[in-house]
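Alright, two takes on the same chain below, each alone as structure tokens: structure 1 and structure 2.
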Structure 1
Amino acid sequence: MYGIGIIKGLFVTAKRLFMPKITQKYPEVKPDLPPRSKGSFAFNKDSCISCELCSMACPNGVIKVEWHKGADGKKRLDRYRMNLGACLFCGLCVEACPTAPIKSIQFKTLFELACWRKEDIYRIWEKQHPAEAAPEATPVAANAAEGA
């Protein structure tokens, strides 16, 4: 029949009117991201072996690992620092990490990285070693190394 498409079209939009809305009201409702989303990083400082493979894999020099040698001659992690302001989120560090079964550095879905101050873009994980006196971390020296 001539003009039946007009009626059909009207019913299509009328159905849309009462459908649930697909818009996510972002600040109130967080998006349900897939688990492998490259949001930001989770670091497990207990399983990290301070091998610095992630630091070497990183194309932008984002990761800086500070460690010292323990009494048994093994590396002990002191400080793990990421400058997310320079990070590409390429995931090469995650691929390079040799710790198993769970990698020490992993992506997590939390994506809200905006911050007010430049210092807040750094992600720093520090590990204390109560049995032996850990050498004092020197942020100034670390910053100088980063700058170079």
Structure 2
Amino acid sequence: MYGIGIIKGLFVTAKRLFMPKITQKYPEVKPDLPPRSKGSFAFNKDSCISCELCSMACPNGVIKVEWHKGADGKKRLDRYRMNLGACLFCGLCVEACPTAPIKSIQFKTLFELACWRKEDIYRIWEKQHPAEAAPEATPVAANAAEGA
């Protein structure tokens, strides 16, 4: 029969008419989000081991990890960049992060991600490293300096 779908839809609408209203007055009143809601990202650059598992798990290639090898042969994080304009907020990067007990990348409940400039959709975290041990300067012979 034709029209049964319309009748079912109107029945749902009529049922909601007599229930309490759930509209929130946003932005004056901020919504109370559940703790597992997906908003923006928080990044802990101190616990990141530069393994790049988050960037490999990302289906859109949103995450770029830049690192260098330190004097001890371990990876040192230089820069961590996310393009939130292409992010699906799927959470695969959070699940792939192997650091424990505090994950390097986590979801925050901050969901207001609108921006005026295109550059603002990028989240960039840079880590400053203390100056690594520089090799000793070789002394220059006095007569070599005079000839120059």
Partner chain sequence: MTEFLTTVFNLIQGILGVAPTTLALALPWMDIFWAFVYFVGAVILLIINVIMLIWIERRAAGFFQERVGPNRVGPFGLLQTVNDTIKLLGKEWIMPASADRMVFLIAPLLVVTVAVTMYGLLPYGPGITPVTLNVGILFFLAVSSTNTIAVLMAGWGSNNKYSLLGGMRTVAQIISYEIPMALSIIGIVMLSGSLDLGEIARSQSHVWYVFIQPVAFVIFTISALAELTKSPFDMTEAEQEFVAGYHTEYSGIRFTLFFMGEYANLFSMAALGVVLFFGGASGPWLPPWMWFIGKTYVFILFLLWIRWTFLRIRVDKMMKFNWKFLIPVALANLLVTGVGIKLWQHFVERSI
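Every residue number counts along structure 1's sequence, beginning with 1. Note that the rigid core is defined as the largest set of C-alphas that superpose within 1.5 Å between two forms. Note that this is a predicted model, so its numbers are computed, not measured.
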{"query": "Chain form predicted on its own: structure number out of two", "finding": "2"}
{"query": "Core superposition between structures 1 and 2, C-alpha change of C90 at least 2 Å", "finding": "no"}
{"query": "Core-superposed C-alpha of P101 shifting 2 Å or more between structures 1 and 2", "finding": "no"}
{"query": "Core fit, then E28 C-alpha moves 2 Å or more between structures 1 and 2", "finding": "yes"}
{"query": "Distance moved by the T13 C-alpha between structures 1 and 2 (core-aligned, Å)", "finding": "17.8"}
